[in-house]
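Only one chain is included here, represented as structure tokens and corresponding to the form predicted on its own.
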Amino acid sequence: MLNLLRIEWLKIKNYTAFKVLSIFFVIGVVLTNYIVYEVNKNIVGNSPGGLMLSSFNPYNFDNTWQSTSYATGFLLILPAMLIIILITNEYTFRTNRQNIIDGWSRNEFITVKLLLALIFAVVSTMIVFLTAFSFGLLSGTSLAWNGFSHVGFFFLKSLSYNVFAVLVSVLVKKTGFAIGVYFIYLGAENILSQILDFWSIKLKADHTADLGSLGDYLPMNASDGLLTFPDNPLKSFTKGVLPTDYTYIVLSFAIAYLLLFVWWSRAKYLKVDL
């Protein structure tokens, strides 16, 4: 398998899209978190109602792991889009068929693609770790690991986005169409999630049931719902009306959906006409 991964690396290391999107992601992680830091410091903290937030720093060591994971989560479409491009190019240029002719099994081919999704998730998580640690050092606070579990949640979200990208690529095959389907699905699910969350709030307000945020039980929103911004005085005002966070239920859904994506990707590729 290591030899197959080396071959995969030879395919992508000089690919322009790989270089460009990788650079954009790394710069985006640092820039996005810097923007959040500056907005909190210079706008929110100095606003008329910002006195209660003046002592809140999302990037001290009590909050940096959670803040960085949450902010960076919005950039995970970049590595996912890269995966779609890399896999659909295999169909476009018939390199997947050539690999099979050269002796690869279908199982080896799809396994390498899923491992690529895993590697991208690991690297993304390492970048988040280093960024969060750096911001924590710059804050001048003592090292702490509060909220470090969110780095793990970030890894799960990254892996889910990447494996879903593998699934969409195997199902659709055409680069532009696959990217379109990926973004359209994310958008449609987010709209449905907002509707379900509104319904969840209404159910709690009517004292009917507190089922948690129902939108977080959807396939992609499950991993999204695990990443939240750190608690702060402003956020505490809304807790009374929002549904309860059933973290372990959402985590179970996220893991189940991830396993479904892996199974579906493998099952489809093993049967698909090359």
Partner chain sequence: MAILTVDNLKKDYGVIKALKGVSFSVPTGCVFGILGPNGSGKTTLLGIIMNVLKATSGTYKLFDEAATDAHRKKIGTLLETPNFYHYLSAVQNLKITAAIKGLGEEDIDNVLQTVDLLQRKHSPFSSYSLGMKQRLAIGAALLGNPDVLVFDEPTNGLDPVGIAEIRSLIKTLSSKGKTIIMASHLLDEVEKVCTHVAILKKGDLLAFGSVKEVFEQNDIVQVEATDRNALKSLLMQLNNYNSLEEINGIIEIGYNAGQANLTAINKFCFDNGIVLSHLQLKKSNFESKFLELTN
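Computed from a predicted model, the values in this text were never measured in an experiment. Residue numbers count along the first chain shown, from 1.
The protein also exists as the form predicted together with the partner chain; that form is not presented, and the subsequent description refers to it.
- This chain lacks the partner; the member of Gln98, Asn190, Thr141, Asn146 within 4.5 angstroms of the partner chain in the model of the complex by a non-hydrogen atom is Gln98.
- Residue in contact with the partner chain in the model of the complex (any heavy atom within 4.5 Å), chosen from Asn89, Thr111, Thr125, Thr131: Asn89.
- For Phe24, no non-hydrogen atom is located within 4.5 Å of the partner chain in the model of the complex, even though that partner is not displayed.
- The partner chain is not drawn, but in the model of the complex it has no heavy atom within 4.5 Å of Leu5.
- At a distance threshold of 4.5 angstroms between non-hydrogen atoms, Ser105 is in contact with the partner chain in the model of the complex.
- For Lys11, a non-hydrogen atom is located within 4.5 Å of the partner chain in the model of the complex, even though that partner is not displayed.
- Stretch-level contact check against the partner chain in the model of the complex with heavy atoms at 4.5 Å: of 90-98, 72-80, 158-166, 199-207, the positive one is 90-98.
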